[in-house]
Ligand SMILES: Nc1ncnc2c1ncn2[C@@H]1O[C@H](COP(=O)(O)OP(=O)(O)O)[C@@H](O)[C@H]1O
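First, one chain by itself in structure tokens, the form predicted alone.
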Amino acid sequence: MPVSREEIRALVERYPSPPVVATVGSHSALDVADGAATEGFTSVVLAQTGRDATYSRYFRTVRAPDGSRRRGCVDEVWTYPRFAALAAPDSQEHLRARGALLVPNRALSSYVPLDVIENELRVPIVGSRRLLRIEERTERENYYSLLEAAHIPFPRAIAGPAAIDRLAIVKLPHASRRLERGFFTAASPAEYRAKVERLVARGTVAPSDLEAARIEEYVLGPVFNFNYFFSPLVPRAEGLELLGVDERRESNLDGLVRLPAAQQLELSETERIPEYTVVGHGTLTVRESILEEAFQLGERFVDAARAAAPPGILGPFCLQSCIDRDGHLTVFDVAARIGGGTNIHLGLGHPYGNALWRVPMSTGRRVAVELRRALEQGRLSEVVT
């Protein structure tokens, strides 16, 4: 039985005041914790034992004798033998007792099964619980369905390996690191077969994933990840905000492209095949003539998401895009929650978010601002599911 919004509404009405802001210790947890701390909330990071030192030691809050925050942004760290254990009944009870509002990131939906998140995790989620599933390309209704409904350009699908007639990218998870990508490119069926053989031998690709892989036309152009925020607390015309833009650093792709062509050719055939594992992010801005189209696509996505899965987008989301030579956007991936690159704006905020809010406004802080405003207006149930 899916966790209903009415059940969550009744739950938050009984929550202690003030609530705490919780998130899984990976991905963009520091951004969430920093934003919570800036806005006066207690931050809780849910970490896996043995992978918690970043939060429990290096960014742990240290307070002065008067209780003021002297350094750090992570107030509490709760550890579990495995991330999935945070959804166990006793853990859920602990989260509810502390008044936890759970900010979802990719780690949550990767380590905790989506069926559990939708049907068993009775903890308020800041954002849309139902839309987390659209990131799974194997689902019949996924982000491509929403992009199509929103009339947002996205890469043309290719029916299968035998139909590859131009440069294409094959999208599937990494064979062993399931949170990461096992993507590769191919321009012909023969190249596809040769790369599959080498990537399977390397341990990057699992044969069982290939049948469900998405093959699509490779769009040439620089990558821009547009980090948006949508608020239901204001009139619809004011709801959409563009906070900032980031780009990914991918290994070993970025190392390869920094080599001169002659040195690339000296590498072994296996070393020449790049991997698309995301290892970091950089900050970007775009030409202002492109911003209006970015806003138009964001508005269309918000409307399509609301129609497909009410209440639709709540809070942060990201449209990962390429910009072609004519300055137009093609969206190739979607995150219906906080994006992976928002840590680049910790403390300094996003360029566009700062321009809008007149203070340093990161995505994590924007989430906390929304929670504070919702609490002040008695509308917390409108920003959680």
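Don't overthink the numbering: it's just position in the shown sequence, from 1. A quick note: this is a predicted structure, and the numbers were derived from the prediction, not measured.
Only in words, not in the display: the form predicted in complex with the ligand, which the text now covers.
Original post:
According to a 4.5 angstroms non-hydrogen atom cut-off, is residue 218 in contact with the ligand in the model of the complex?
Top reply: Although the ligand is absent here, residue 218 would touch it in the model of the complex, with heavy atoms inside 4.5 Å.
**OP:** Answer with yes or no whether residue 76 is in contact with the ligand in the model of the complex, where contact means some heavy atom within 4.5 Å.
**Re:** No, no contact at 4.5 Å.
Subject >> residue 299: touches the ligand in the model of the complex, heavy atom cutoff 4.5 angstroms >> reply: No, residue 299 stays farther than 4.5 Å from the ligand in the model of the complex.
Original post:
Within a 4.5 Å heavy atom cut-off, is residue 223 in contact with the ligand in the model of the complex?
Top reply: Yes - in the model of the complex, heavy atoms of residue 223 and the ligand come within 4.5 Å of each other.
Original post:
So which of 48, 320, 343, 38 gets a non-hydrogen atom within 4.5 Å of the ligand in the model of the complex?
Top reply: None of the others qualify; the residue that does is 320.
**OP:** Identify which of 122, 198, 177, 137 has a heavy atom within 4.5 Å of the ligand in the model of the complex; exactly one of them does.
**Re:** Partner contact (heavy atom, 4.5 Å) among the options: 137.
Original post:
Are all three residues 155, 171 and 248 in contact with the ligand in the model of the complex, where contact means a non-hydrogen atom within 4.5 Å?
Top reply: The answer is yes; 155, 171 and 248 each reach the ligand.
Original post:
Counting only non-hydrogen atoms, which stretch in 24-32, 355-363, 64-72, 325-333 is within 4.5 Å of the ligand in the model of the complex?
Top reply: Heavy atoms within 4.5 Å of the ligand in the model of the complex occur in 325-333.
**OP:** Let me know which residues along 255-276 have a heavy atom within 4.5 Å of the ligand in the model of the complex, or say none if there are none.
**Re:** Going through 255-276 in order - heavy atoms within 4.5 Å of the ligand in the model of the complex - there is one hit, 276.
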